[in-house]
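Quick setup: one chain, the form predicted on its own, written in C-alpha cells, and binding and motion questions come after.
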C-alpha cells in the first residue's frame, strides 16, 4: 500500500521498541532531558524580563507557528490565517470574560468562556479549511491571506462586538489556586506547560493513523483517494486540530499583553508567523520554537544594535528581514537544516574512510 511505503518502517520500529525494547522514558534522547531540566530551572537564574517577555513570548509565538508547521509540514498546506485564529480566541476571551470595556464584555466564568473561545476559533478555522483545501499551492496562500486581511479590517471597523480600533484592555487571567498567573514566574510555567503539551500533541498525531494518512495525502492525494481515504475531510480536520493549538496560544497572548486590538492580527503579525516557522524549520515540530526564539531575540534587541551603529531603532524589521533571507538562502530547511548539515559534515570527517579519501 502507498501509505505503508513511506512511514511504515518508523511505525514498525516504534511498535517493536514498545514490545521488546526499553521503556518510552529511556527512548527519549539525552538532549531532551537536558533542555527540559534547563527550562524547569530557568526561573532560578533568569530575571523577570527574560522569563516573561523573552521566553513567555517565544512559547506563545512558537505555538502559533507550530500550528502552521503542522499544516505545512505534514499536510502540505501553508495557511496564513493562523494568527487570525489565535486573535479570534483572544477576542472571545475578552468579549465573553471580563475586560476594561464593561459595556461589551459578558463576564462569564473562566471555566465557560475559555472552552467556548477555543470552540469558536476551531469552528472559524474549520470553515477556513473547508474553503482553502479546495485549492493548492499559491492559491491556498492567497485565500488564507485574504481571510486574514478581511478579519483584520472587520475587527478594526466593528465597534459593536470587537470595539473597533481600540480593542480591549485589562484582559487578565483568572486567579486560580490563589495564584496570579500574570506574574512572571507563574506565567512562564503556564506558557511552558501548554507549549510542551502542544509539541507532544503534534508529535503524537503525526505518528497516529490520521497523521500518517495526512502525510500520505500530502505526498500523493490521488493515490490516497484511490485507497479509500477522504482527502477533503482529512485536510479540514488538520485545520481544526491546528486551530486548537493556535487558539490556546491566542488566549495566552492576550493574557500576557493584558489587551487585544486589531493590530494583534494585522498583516505584519501574519507574515511574522510564516517567517518564524520557515526560519526554525517547517519539517519538524521543534522548528517553530527555535524560529520563535530567534525572532523574539531579534525583535527585542535589534533596536539597541541599530542605535549602536547610529541607525534609527524603528528599522529593526530590516535586521529581521536580513536574518530571514540569510537563513533561507543558506538552508531552505531553516536552522534545523543547517544543524543537520553540520552534523552530517562532522560525521563524514570522523569517518576513517572519508578522512583517508576512501579505497583507491
Partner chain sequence: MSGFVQRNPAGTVIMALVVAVVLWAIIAPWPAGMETAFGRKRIFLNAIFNGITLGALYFLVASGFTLIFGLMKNVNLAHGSLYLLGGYIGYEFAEATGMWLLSFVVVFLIVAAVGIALQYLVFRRMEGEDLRQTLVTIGISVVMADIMLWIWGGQSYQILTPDWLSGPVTLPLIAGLRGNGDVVYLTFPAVRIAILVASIALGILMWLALNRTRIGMLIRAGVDDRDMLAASGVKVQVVLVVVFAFGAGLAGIAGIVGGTFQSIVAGEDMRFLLASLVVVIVGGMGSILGAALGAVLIGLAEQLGSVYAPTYSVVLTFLIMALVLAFRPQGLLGR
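Model, not experiment: these values are computed from the prediction. Numbering follows the first chain given and starts at 1.
One more form of this protein should be noted, the form predicted in complex with the partner chain, which is absent from this view; the next part is about it.
**OP:** Tell me, yes or no, whether residue 325 is in contact with the partner chain in the predicted bound form, where a contact means a heavy atom of each within 4.5 Å.
**Re:** Yes.
**OP:** Find out whether any non-hydrogen atom of residue 317 is located within 4.5 angstroms of the partner chain in the predicted bound form, and reply yes or no.
**Re:** Taking the distances in the predicted bound form, the answer for residue 317 is yes, it comes within 4.5 Å of the partner chain.
Original post:
Heavy atom to heavy atom, is residue 112 within 4.5 Å of the partner chain in the predicted bound form?
Top reply: Flag for residue 112 set to no.
Original post:
Any of the heavy atoms of residue 107 lying within 4.5 Å of the partner chain in the predicted bound form?
Top reply: The answer is no: residue 107 has no heavy atom within 4.5 Å of the partner chain.
Original post:
If you check 142, 176, 185, 196 against the partner chain in the predicted bound form, which one has a heavy atom within 4.5 Å?
Top reply: In short, 142.
**OP:** Could you spot which one of 42, 28, 50, 311 gets a heavy atom to within 4.5 Å of the partner chain in the predicted bound form?
**Re:** Exactly one residue meets the criterion: 311.
Subject >> Stretch in contact, per heavy atom within 4.5 angstroms of the partner chain in the predicted bound form, of 329 to 337, 30 to 38, 295 to 303, 50 to 58 >> reply: Comparing against the partner chain in the predicted bound form, the contact stretch is 329 to 337.
Original post:
In sequence order, which positions of 147 to 183 have a non-hydrogen atom within 4.5 Å of the partner chain in the predicted bound form?
Top reply: Going through 147 to 183 in order - heavy atoms within 4.5 Å of the partner chain in the predicted bound form - the hits are 147, 149, 150, 153, 154, 157, 158, 159, 160.
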